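One chain follows as structure tokens, the form predicted alone.
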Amino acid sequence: MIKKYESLFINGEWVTPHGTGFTTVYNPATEDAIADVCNADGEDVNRAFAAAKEAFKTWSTTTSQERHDWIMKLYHALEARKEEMAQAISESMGCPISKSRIIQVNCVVAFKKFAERAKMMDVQTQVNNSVVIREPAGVCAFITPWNYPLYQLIGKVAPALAAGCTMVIKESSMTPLQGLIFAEVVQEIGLPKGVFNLLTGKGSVLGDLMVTHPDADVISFTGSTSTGARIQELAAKTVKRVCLELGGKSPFIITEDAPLEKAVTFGVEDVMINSGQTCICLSRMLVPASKYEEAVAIAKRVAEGLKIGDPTDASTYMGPMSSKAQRDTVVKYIQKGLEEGAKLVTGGVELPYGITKGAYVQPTIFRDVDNKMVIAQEEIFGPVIVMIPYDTLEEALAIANDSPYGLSSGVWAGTVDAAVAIARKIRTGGCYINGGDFNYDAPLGGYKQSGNGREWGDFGIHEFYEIKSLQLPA
């Protein structure tokens, strides 16, 4: 029997939903149903926001030390359940368990940093006869995606708690299980009622209700650019604060003097690590024309050397797509690339060798790609890399910036200083220099159609406080 989740977490308690029916969660590797999760409706949305609004009256007045202590309690309790959450994410979206333990749940450690950042709310600045203070922004509506479900949840919840905000969260209906574990932990530690409220169900039903709700002061959404644009439009009617982390088509410039083997290997593994379902992955690889053939050969060898298959196998590098629907989307893009005249280096539309079911897509690399092609302009969100040759660095920069997106990028050059100089000319919110690692203390967000606002690090908390000036008598 599959597990059935029949309650929503509202006002510190598990309650029966007003909504009807269940959404089934599937394992994309086996195609088996693994859980039925109850659906919330508009009445449940109203209950959750009422709880968050009431809780804000007291949570917003807690001291930074009190919030620090609560966040640390949450951190320690979540640490104890990391393996359970890693398993839940692996089963519901196909991320190999070895990768899920590292890239999906290690983000729990960020709570320690955000606990310390609670004291940022105590900062006061004297400006002539005025004192500038910080106050929590209010009740937050959070809508999170399926590709890094716990990471995205923590990236919103942790800074909001630190700032003194309360929240209503809608998890993706494809990957809600780790969120339900999170809510169990919130109840276990006794976080004040109404501070954290979790809804499950269809985004098509709940999304508009949440972002237009009169008690929502802040909207934070991670997902597609098209949905983000709609959210911004809806929220504008009541002038809500909106933070959007949206799509990407990130360029990776490899220079003439870069260590080609290291750079290309880094680029291929970066895209394939979560089956290409990473908004910041470096899916456009820009290579000097003089090194192009060699780079293509390296990319082919690396991609074909990655183990694809059972997510429960610790040696598996790449699992399935998150769903059959996502697989269909990626396959259509691969077919489109072939129609446009790009040439397959490896991969394609067929299931990987030896695999007969599941939402799997082969690691796919295209060569002879023009940056105007659809596969170079649109976010595929799958294990697909387009390799584009360039003749001069100026041409590489023009190609890199010729995109509606501006989320992330990468540069690998002969020296770090040279790579940084190039990175400064790329219009993106971040850049990975010579294989640099992801940093939870650095801001994440994009330019152009990749969104607005920033998450993580000190900048992440800025989204959740208002500035007030107090004019004192001279």
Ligand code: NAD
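Quick caveat, the model's predicted, so the values are computed rather than measured. Residues carry their position along the shown sequence, with the first being 1.
Not pictured, yet referred to below: the form predicted in complex with the named molecule.
Contact annotation for the candidate site: R284, D368 and T428 all lie away from the named molecule in the predicted complex (no heavy atom within 4.5 Å). Listed residues W146, Y390, F266, Y333 were compared with the named molecule in the predicted complex; W146 is the one with a heavy atom within 4.5 Å. Scanning N401, S98, T227, T212 against the named molecule in the predicted complex with a 4.5 Å heavy atom cut-off leaves one residue, T227.
When contacts are judged by a 4.5 Å heavy atom cut-off, Q152 counts as touching the named molecule in the predicted complex. Proximity of A40 to the named molecule in the predicted complex falls outside the 4.5 Å heavy atom cutoff.
Shown alone here, G337 lies farther than 4.5 Å from the named molecule in the predicted complex, counting heavy atoms only.
Although the partner is absent here, Y360 is not a contact residue: none of its heavy atoms lies within 4.5 angstroms of the named molecule in the predicted complex. Contact with the named molecule, judged by heavy atoms within 4.5 Å in the predicted complex, is confined among 241-249, 382-390, 369-377, 130-138 to 241-249. Heavy atoms closer than or equal to 4.5 Å to the named molecule in the predicted complex belong, across 212-238, to the residues F221, T222, G223, S224, T227, R230, I231, ordered by sequence position.
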